[in-house]
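In structure tokens, the next block holds one chain alone, the form predicted alone.
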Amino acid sequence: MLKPRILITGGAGFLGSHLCDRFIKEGLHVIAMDNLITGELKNIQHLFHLEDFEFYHHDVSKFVHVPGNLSYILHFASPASPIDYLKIPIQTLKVSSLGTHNLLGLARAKKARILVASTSEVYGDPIVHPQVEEYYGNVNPVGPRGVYDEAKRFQEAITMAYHTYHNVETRIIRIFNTYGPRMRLNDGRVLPAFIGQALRGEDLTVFGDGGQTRSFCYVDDLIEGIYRLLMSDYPSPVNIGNPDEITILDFAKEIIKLTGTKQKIIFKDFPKDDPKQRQPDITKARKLLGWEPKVSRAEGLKITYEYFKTLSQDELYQRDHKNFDAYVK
């Protein structure tokens, strides 16, 4: 009997590579697809020798062809940090619009179930707290973050349209802040930024007064939530994240304690449209999927810090690891 085959776009990225690992363990034939704008082949090089793993170097905003049958598609291709999507805004818009359109068409043709990776950023700078799936959000479509936020909102809309009008089996996950091994140290998000500054002996940079909040989910917990949602029969968006909320200032203090460094905390102006609060309501995930996070922040941070300590000096000090100009079209 042939093994089920799954296409994972963004497969060389932080989350995509962990998904490749999970579905290999589940006994599926895994096809990873990535154009390597932000993905890294080192994240999946341990899989290249396996018969049940393939890698396609391809941009999903262009026509996507995968020969043979497909049972599942996970669409995780997209820049996901402000540093990336502010440098490549057009590509960010295209991967969640044209790319999603292409993959929904592929899912329809192959009669495959597709799960798209949306984000808590669809809620923008929320005035409802914690954020429930029924909240429509507070997003500035023409602000600097709009290229990511609105691309993901469109992604959800076209996914539901294919579900409603073409009967495609679709799933939508709204991912909240996630961390763990294989994150890029220089991707601009607060956790790798703080750990990177600590490892380099730099002061930790907090924007505003540090009173804004975030909720951090360890990657293994998130991957379990994705798996359960894919295997469920629920087509509407589901929040997956850790509701344990903390202020950025307190988080900076946790990182200083974890790393044993003596750096100071310095304060800079608050970025435009940066959300003041971010905390998922995971009632749906608990009820529909039987899912909730298991790994404490203290435990997850320790594992993540040990991973970052293994990076070379070149990786530690390399602030801009990609030649984005090569992708600007």
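Predicted model, so just to flag it, every value in this text is computed and none were measured. Residue numbers here begin at 1 and follow the sequence given.
What comes next is about the form predicted in complex with ligand UDP, which is not displayed.
Every residue in the set 177, 207 and 248 has a non-hydrogen atom no more than 4.5 Å from ligand UDP in the model of the complex. Shown without its partner, this chain lists 182, 101, 189, 113 as candidates; in the model of the complex, only 189 has a non-hydrogen atom within 4.5 angstroms of ligand UDP. Proximity to ligand UDP in the model of the complex, defined as a heavy atom within 4.5 Å, singles out one entry of 218, 194, 76, 72, which is 194. Under a 4.5 angstroms non-hydrogen atom cutoff, ligand UDP in the model of the complex lacks residue 26 among its neighbouring residues. Although the partner is absent from this view, residue 82 contacts ligand UDP in the model of the complex, with a non-hydrogen atom inside 4.5 angstroms. Put simply, residue 299 is far from ligand UDP in the model of the complex: not one heavy atom of it is within 4.5 Å. In the model of the complex, at least one heavy atom of residue 121 sits within 4.5 Å of a heavy atom of ligand UDP. In plain terms, the part of the chain that comes close to ligand UDP in the model of the complex, with a heavy atom within 4.5 Å, is 208 to 216 out of 125 to 133, 208 to 216, 233 to 241, 162 to 170.
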